[in-house]
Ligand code: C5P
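What follows is a single chain, given as structure tokens, in the form predicted alone.
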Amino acid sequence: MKATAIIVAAGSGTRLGFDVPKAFVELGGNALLWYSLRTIGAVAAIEEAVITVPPAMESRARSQVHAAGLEIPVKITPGGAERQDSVRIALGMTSVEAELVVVHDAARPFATPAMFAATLAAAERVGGAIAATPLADTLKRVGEVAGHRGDKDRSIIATVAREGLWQAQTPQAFRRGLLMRAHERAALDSTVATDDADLVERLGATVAVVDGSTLNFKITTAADLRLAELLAANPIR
């Protein structure tokens, strides 16, 4: 099946403390966006890409496309106010010939071609699929309680069983028509979700889970970027 990749690269990245948008922060001498572009170029099923970027960053994104040696058609557009808006905008620009769409955050530079291929294959079978990892840490539900002096302290309310809980990542792949219906319904219902799988689930559709990796983490803070720098300099084979 023909697939289009949507690369979400419109975030500001203010928590990283840089004066450039997150996707254009350098990691190992390359912009974060470059890593995702290089990866999708190695996935045979992906025949087109749509990249969402902050306003006025289109030419800079185009330079990353060239630097990554991406040879498929690429469309670049300003993103929306929120991630969900950016995906909806990009989805409207995908080719009608694309049967599958795979969505990936540029802030996850260590996703592999195998992850993209696995989510696309599963989406072809059942309609949708995400990369994810099983939770390893003990989860605590926390709330505020009044202290002896009237101040507020955080306190454990309950321990949440982690069995069956997975941490969602990107890439996330879906049949194009299904994802479009999910976003159309979300717009009509004013539904806000943090990932596309949530919107598809609300339609009652099946979303499979394929193996992600703890290395496929999202760069959000300066500490995340430092860890990514160490990994980029010393890749795990």
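Being a predicted model, the structure only gives us computed values, none of them experimental. Numbering starts at 1 and follows the sequence shown.
The same protein has a further form, the form predicted together with the ligand, not shown here; the description that follows concerns it.
Gly80 is the sole member of Gly92, Gly80, Gly143, Pro73 with a non-hydrogen atom lying within 4.5 angstroms of the ligand in the predicted bound form.
The partner is absent here, but in the predicted bound form a heavy atom of Ala106, alone among Ala106, Ala131, Val102, Ala123, sits within 4.5 Å of the ligand. None of 153-161, 114-122, 82-90, 131-139 except one has non-hydrogen atoms within 4.5 angstroms of the ligand in the predicted bound form; the exception is 82-90. Within this chain, Lys218 lines the site of the ligand in the predicted bound form, having a heavy atom no more than 4.5 Å away. The ligand in the predicted bound form comes within 4.5 Å of a heavy atom belonging to Thr52. Within 4.5 Å of some heavy atom of the ligand in the predicted bound form lies at least one heavy atom of Arg15. Val8 belongs to the set of residues with a heavy atom inside 4.5 Å of the ligand in the predicted bound form.
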